[in-house]
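Next up: a single chain in structure tokens, the form predicted alone.
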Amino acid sequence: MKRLSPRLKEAAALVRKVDTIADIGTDHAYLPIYLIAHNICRRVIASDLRTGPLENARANVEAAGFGDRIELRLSDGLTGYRADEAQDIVITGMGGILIAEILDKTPWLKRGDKHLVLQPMTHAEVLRAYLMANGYRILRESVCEDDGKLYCFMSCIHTNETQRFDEFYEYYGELPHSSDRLAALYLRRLAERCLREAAAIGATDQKRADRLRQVAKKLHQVTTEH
């Protein structure tokens, strides 16, 4: 069995031990194979938008001998799933905007009985803002390092409860509560990126540049307070 990357291993660590897990955008099906091999769940439904990756996934699943426990299907996000098919849903390796769009197109996620593991490659703040505005609670966040890059993960459920958030929460989420040094490093790098972007904007968009500087200040604040 192929060794799982640190990024996918972190996703596996966040899912619960349940009957069925859905892996959206499975690519080579490395995560589903790992989940079955380590008895984290009984069954995985793994999907991808394109037939090419799905065929690669099929070859890997058959080679691992898990064809009876991993179902592969063609699906655009969660459009090919029913509400009662999986308890945990994993969406990794996509931009935060796309993940938010996938969630928004799936009203049955708001029933409150689904646990989501989300890993945005970009625009994590857009994804958090969507979660904040649509009744989701971020239970915890973590960061892993893979091939020199840092990736954040969000463990979420839908509660539909009224929540209050501090200013710029969409940029840092629950990461300040993590004791992992990588979480603080991730936030420091994000602050530096905000300052670089603010400098690049200059006077062309003073309002946005000022906001980015405020975000950077808040990020430095939350990393020193916790």
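Note that residue numbering begins at 1 and tracks the sequence as displayed. None of the values given here were measured: they were computed from a predicted structure.
If you look for the form predicted together with a small molecule, you will not find it shown, but the lines that follow are about it.
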Discussion item. Although the partner isn't part of this model, could you tell me whether residue 76 comes within 4.5 Å of the small molecule in the model of the complex, counting any heavy atom of the residue?
Written reply: yes
Discussion item. Whether residue 216 contacts the small molecule in the model of the complex should be assessed with a 4.5 Å heavy atom distance threshold; does it?
Written reply: no
Item to complete: Give a yes/no on whether residue 43 approaches the small molecule to within 4.5 Å in the model of the complex, heavy atoms considered.
Response: no
Worksheet item: Just to confirm, residue 69 within 4.5 Å of the small molecule in the model of the complex by heavy atoms?
Response: no
Fill in: the small molecule in the model of the complex reached by all of 123, 173 and 190, non-hydrogen atom within 4.5 Å
no
Worksheet item: With the partner removed from view, which of 173-181, 23-31, 193-201, 156-164 is the stretch that lies within 4.5 Å of the small molecule in the model of the complex, judged by heavy atom distances?
Response: 23-31
Discussion item. Which residue, 49, 37, 185, 59, is the contact with the small molecule in the model of the complex, using a 4.5 Å heavy atom cutoff?
Written reply: 49
Practice prompt. Check each of 102, 144, 117, 109 and return the one that places a heavy atom within 4.5 angstroms of the small molecule in the model of the complex.
Written response: 102
